[in-house]
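Just the one chain here, laid out as structure tokens, in the form predicted alone.
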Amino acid sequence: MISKKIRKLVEEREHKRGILVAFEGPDGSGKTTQRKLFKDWLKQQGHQVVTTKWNSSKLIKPLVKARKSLRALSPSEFCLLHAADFRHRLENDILPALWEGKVVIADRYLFTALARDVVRGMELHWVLNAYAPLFWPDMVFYFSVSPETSGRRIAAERTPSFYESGQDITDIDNPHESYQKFIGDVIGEYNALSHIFDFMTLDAEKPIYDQHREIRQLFQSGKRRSWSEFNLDAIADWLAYRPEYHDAR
């Protein structure tokens, strides 16, 4: 049950709060390059910008790294540890920045989990419950690329790791071959999610600066989601344990 005080705080903050923009897509889609260009442009426009990256919580990342090095993660543990990482960053990095009116750019967001964990055999509702209470971004830029292009770009840079290549579920010894199979399935899930959640889809095989111009145009014409309608439960949980924000207006 959300208190009247918390509800009032959220309503009063709505017109002052920042915007959360998620960059989603498979490895090799160029989203990190576009995120950096977008951040530079936002700062030039006078915005305060915070970036958060997938699997980067200082509290949880070392545990994930250790378990991955042992190749000891089951699909359910893989999901739960990344959900813990996400929750830690949401409560300590993302929500405080939004409350202060900053633009937050997420290099991968919840949809990364939905795509990868479902391919690993997890039920969609189970994954959603692991990440509950859910907090939805205002905008999602999805960088669409073919499995072949993704595989070619990754192969040119590095040999994909055990979990990156999906070898934990494909049983394919060659990491590049495993990656090609795994990323094809992940992209299939991404494409389905893009329709369900109305992503802003960009052709990630276009020239870099063509994509960047399109992102700027979409951002300027986009509408942010209402906190009170979509994200009240997650914000209420966060505010309940942070009295220092209760007097902020």
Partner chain sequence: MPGKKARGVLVAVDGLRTADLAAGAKTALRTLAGKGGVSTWDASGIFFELERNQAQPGIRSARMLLLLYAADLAFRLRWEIEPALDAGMNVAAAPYVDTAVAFGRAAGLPAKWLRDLFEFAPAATGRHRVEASTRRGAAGFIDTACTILGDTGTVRARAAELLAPANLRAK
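Positions refer to the first chain, counted from 1. Nothing here was measured: the structure is a model prediction, and the numbers come from that model.
The same protein also exists as the form predicted together with its partner chain; that form is not shown, yet it is the one meant from here on.
Tell me which of 132-140, 113-121, 171-179, 98-106 has residues with heavy atoms within 4.5 angstroms of its partner chain in the predicted complex? Careful reading of the contacts points to 132-140.
Would Pro62 show up as a contact with its partner chain in the predicted complex if we use heavy atoms at 4.5 Å? Contact check for Pro62: yes, within 4.5 Å of its partner chain in the predicted complex.
Mark Thr159 yes when one of its heavy atoms lies within 4.5 Å of a heavy atom of its partner chain in the predicted complex, and no otherwise. Residue-level check for Thr159: no, no contact with its partner chain.
His88: touches its partner chain in the predicted complex, heavy atom cutoff 4.5 angstroms: The answer is yes: His88 has a heavy atom within 4.5 Å of its partner chain.
Contact of Ile154 with its partner chain in the predicted complex (heavy atom, 4.5 Å): Output for Ile154 is no: heavy atoms all beyond 4.5 Å of its partner chain.
All of Arg35, Trp41 and Ser144 with a heavy atom within 4.5 Å of its partner chain in the predicted complex: The answer is no: none of the three residues contacts the partner (heavy atom, 4.5 Å cut-off).
If we check its partner chain in the predicted complex, which of the residues in 72-100 reach within 4.5 angstroms of it by a non-hydrogen atom? In sequence order, Ala72, Leu73, Ser74, Ser76, Glu77, Leu80, Leu81, Ala83, Ala84, Arg87, His88, Glu91, Asn92 come within 4.5 Å of the partner.
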